[in-house]
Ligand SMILES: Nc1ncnc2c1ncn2[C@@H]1O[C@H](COP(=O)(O)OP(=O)(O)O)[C@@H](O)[C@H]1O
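The form predicted alone is given below as one chain in structure tokens.
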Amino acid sequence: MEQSVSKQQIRSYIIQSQEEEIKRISLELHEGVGQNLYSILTGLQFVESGLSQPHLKNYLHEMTQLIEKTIQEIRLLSVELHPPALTTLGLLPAIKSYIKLYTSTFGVLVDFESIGEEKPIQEQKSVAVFRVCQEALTNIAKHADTSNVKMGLIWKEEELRISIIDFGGGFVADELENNAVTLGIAAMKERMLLTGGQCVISSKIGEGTSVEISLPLLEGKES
């Protein structure tokens, strides 16, 4: 038992350390690199406004457009790595924010519904649930061959339940090779186990895939 608990603590520590590093990189991209590029952009725009030679003015305009595009890409990457809303506003706003980014990036529409009153969740557990949802949605965009997803949150006093259902081609778990998809699925299940919750994935060929997530919300129910 002690050995089992020790391994679980190590896995939890590794995941938490990774999340802290991801959070740091996300903040550096947004506050550091992003802000520096924005300063360069405003400087170029100022120079452009004072130029009279058309060829130089056109060249600078092209440069400012490229920097604007780069700033936008950095912002999107920063949000995808660690959405600010997750820390400041909580899980539900972070998921809603990510869905907008997800749809604009992949073109997959998400029919989203949240039932019940949102409950406070420890940040470490909130991050775990967010990552599982993020992995599920990314898998759908890359492998499910569908443009529609149904996602629902049900808030109860003692438990949060999340379902993510696609209407794609589905798969047979036993036939999956040991690749990024199977590792991703294993990581989803592991993350939820470390929070005291569960992640159950079921799929049928031609009928799509469903991901069911459950997270206990009361400390006494997590053992």
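From 1 onward, residues are counted along the sequence shown. Quick caveat, the model's predicted, so the values are computed rather than measured.
If you look for the form predicted in complex with the named molecule, you will not find it shown, but the lines that follow are about it.
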| query | finding |
| --- | --- |
| Binding-site state, shown form vs the named molecule in the predicted complex, superposed, 3 or more atoms under 2.4 Å of backbone or C-beta | blocked |
| Complete contact of E135, H143 and I185 with the named molecule in the predicted complex (any heavy atom, 4.5 Å) | yes |
| The named molecule in the predicted complex: contacting segment from 86-94, 67-75, 116-124, 143-151, heavy atom within 4.5 Å | 143-151 |
| 4.5 angstroms heavy atom contact with the named molecule in the predicted complex for G170 | yes |
| Contact label in the predicted complex: S214 to the named molecule, heavy atom within 4.5 Å | no |
